[in-house]
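Heads up, the chain below is alone and in the form predicted alone; it's given as structure tokens.
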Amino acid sequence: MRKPFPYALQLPAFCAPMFLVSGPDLVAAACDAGVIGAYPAPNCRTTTELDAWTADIAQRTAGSRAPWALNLITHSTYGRLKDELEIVARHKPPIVITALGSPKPVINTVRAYGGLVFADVVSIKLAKKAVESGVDGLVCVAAGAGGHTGRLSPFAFISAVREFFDGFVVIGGGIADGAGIAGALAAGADLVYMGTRFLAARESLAQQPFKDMVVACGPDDLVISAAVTGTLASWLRPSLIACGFDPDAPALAERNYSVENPAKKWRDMWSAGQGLQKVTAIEPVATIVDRLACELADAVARFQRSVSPTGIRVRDAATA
């Protein structure tokens, strides 16, 4: 039997951790608005800065409507993990999300103070490995996600994971409105991951030109490529062009085209997901969350109207 999520939220959603975008202001605003605010540890250049950020976030969210989460890289080549785990033990983030490696190194530390461990996964194989390690939840990164994106359909991903896992399932990938949240919940997810929807939030650390580009662009302006980092990621076409690259050149499909380019990955080449069409203005997080909540309520009402005691009506009688 699936356990209920232990936190009461305004929306069953994460403001997803975004590299060079998520900072204390965005996390605190998300938690105050009733969604889980998350940030990646590498956003801080040093562990001293990370310690200060984490202490600040813990203090600012102490009375918030939702918990906060810290995203850690657990790959064997990541040299800061030991120091970052000391910060975790000191400040006790309610949720720790692991990425790019096994969640095993963090589980004992987080469980010692009663926190939850979620593993970021992009495939069924990785999901099964994370479940075997004993995680509380999976963050299933599906097709349509920004940053390092997945390949699976969100619906296929949820369905497959629910065959072997009854813990908390978070799904991300192009979810940008309340109808998307409703669809994810109906498919079997407990929560959703929303990054792109908050990229242009007033509280985000994104540069102003980045925010403006997010507002101006749509899904057709994205390029999906492994060329920039060696791992499949979703990039804003205009930002690649601004850095001197032709997004349509064959070299983009190779993994060495950026070797000689002085532009910094992520800083000058910007990423977003397929939910771009819903970002139409630079707004406070609270405004975005309130709108999402209204959209979710409308979506649930539509679904309820479409279901009769004898089955599903293809067309609502009220609109016939």
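Computed from a prediction, not measured in an experiment: that's the story for all the values here. Start at 1 and count along the sequence shown; that's the residue number.
Below: the form predicted together with a small molecule, not depicted.
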Tell me, out of V27, A33, A272, L292, which residue has a non-hydrogen atom within 4.5 angstroms of the small molecule in the predicted bound form. A272
Select from the listed residues P103, P93, G180, G173 the one whose heavy atoms reach within 4.5 Å of the small molecule in the predicted bound form. G173
Does W53 reach the small molecule in the predicted bound form, with heavy atoms at most 4.5 Å apart? no
In the predicted bound form, P67 touching the small molecule (heavy atom, 4.5 Å): no
Within a 4.5 Å heavy atom cut-off, is F165 in contact with the small molecule in the predicted bound form? no
Contact test in the predicted bound form: P154 vs the small molecule, heavy atoms, 4.5 Å: no
The small molecule in the predicted bound form: contacting segment from 111 to 119, 155 to 163, 130 to 138, 192 to 200, heavy atom within 4.5 Å: 192 to 200
